[in-house]
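To begin, one chain is listed below as structure tokens, in the form predicted alone.
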Amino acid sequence: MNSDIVVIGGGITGIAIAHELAKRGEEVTVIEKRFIGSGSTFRCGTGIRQQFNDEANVQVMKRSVELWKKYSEEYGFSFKQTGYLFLLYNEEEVEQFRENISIQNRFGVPTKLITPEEAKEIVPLLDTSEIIAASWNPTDGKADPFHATTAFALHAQEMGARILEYTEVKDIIIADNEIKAVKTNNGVIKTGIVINATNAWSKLINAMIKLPIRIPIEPYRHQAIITQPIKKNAINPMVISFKYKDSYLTQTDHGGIIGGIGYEVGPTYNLTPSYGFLREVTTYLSKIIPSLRELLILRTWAGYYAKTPDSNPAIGKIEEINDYYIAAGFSGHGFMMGPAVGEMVADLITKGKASLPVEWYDPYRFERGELRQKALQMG
């Protein structure tokens, strides 16, 4: 088999890249060792936000939200702009979020600081007794990762992309610093361009090509829960509390509460859920909304945060090997960033540059010791 471009990894990142390349008329093949979304995408917390603490992530996420809205309307999957509500408990937090809001407003993101009373109007179940303010952006939201990723994949295929599931990369064949082929358990694909979009597994793919630079990406286990359903529209936004162990929670379309905390284990590829997480998540989420303590937990599961030292991904071309690209290390932000990353990587391949600030995610920054400001992260 021949393919001009091979994307390794069938999560939202790889699928979005393939979708954008196919849309531009490129011949592209996605290789996924299990089924699409099976790595981290289908395990994510559904949130999509523009409330970051640096200019690059705000710009990228503003564009990503535009694309989430556009494609949800065109393809018919669920994307709801129900907002993100960050609960603030002290003056230090308020001051930091004032700075964040200033950056966001500069790029047209309509975040504002609101009072505890206004926060309670948005989520009446909140315990606001300790809150002194909140950061609110109604244009943030959430999407169904199953329907969304599947929709992008189906439309990518309609535009000519190939998606090979249950196909595992065994080696990448390189001669004279040029990619010649990708060897899989199902045969060899001749290609000249490879994109590593495997996130938690990216270091394994990098090792195959003996990557000449250090890109530190490690997999960490994070867990989440889903509760029994409650009355729909009781908790529409994603609610965040850094005070209570970086907690997040929101309500799904089915009425259950999905949530998690900053309970991190790793580096590891072990996704076995732990009782310690269950004990802590029930304690902390109940601090935010006391009535949650009455609910039954239906299920808990684990997924990966593929983390870099500054919680920003590595996106770009590796100059020493033609043509090898990486888009990995999203540190819990891969799902929300997916459509914009698809555009950025497609721009790099087809135009040699991107309109969005992809240089912020420069894979060489670790070698140079130029870490970015740590991206705002929870759960």
Ligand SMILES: Cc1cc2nc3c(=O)[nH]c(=O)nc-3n(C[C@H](O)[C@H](O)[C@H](O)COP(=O)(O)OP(=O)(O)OC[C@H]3O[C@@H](n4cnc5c(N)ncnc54)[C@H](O)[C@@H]3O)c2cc1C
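What you see is a predicted model; the values in this text were computed from it and never measured. Sequential numbering from 1, following the sequence displayed.
Only in words, not in the display: the form predicted together with the named molecule, which the text now covers.
Peer 1: Which one of I326, V28, V60, C44 is close to the named molecule in the predicted bound form, taking close to mean a heavy atom within 4.5 Å?
Peer 2: Of the listed residues, the single hit is C44.
Peer 1: Have a look at I172, A224, I101, A151 for me and say which one sits with a heavy atom within 4.5 Å of the named molecule in the predicted bound form.
Peer 2: Only one option qualifies, and that one is A224.
Peer 1: Taking any heavy atom pair closer than or equal to 4.5 Å as contact, tell me whether G83 reaches the named molecule in the predicted bound form.
Peer 2: Contact with the named molecule, no.
Peer 1: Can you work out whether G332 and the named molecule are in contact in the predicted bound form, taking contact to mean some heavy atom pair no more than 4.5 Å apart?
Peer 2: So G332 counts as contacting the named molecule.
Peer 1: Could you confirm whether E218 comes within 4.5 Å of the named molecule in the predicted bound form, counting heavy atoms only?
Peer 2: Output for E218 is no: heavy atoms all beyond 4.5 Å of the named molecule.
Peer 1: Do P363 and the named molecule come within 4.5 Å of each other in the predicted bound form, heavy atoms counted?
Peer 2: No, P363 stays farther than 4.5 Å from the named molecule in the predicted bound form.
Peer 1: Hey, which residues along 2-24 are within 4.5 angstroms of the named molecule in the predicted bound form, non-hydrogen atoms only?
Peer 2: I8, G9, G10, G11, I12, T13, G14, in sequence order.
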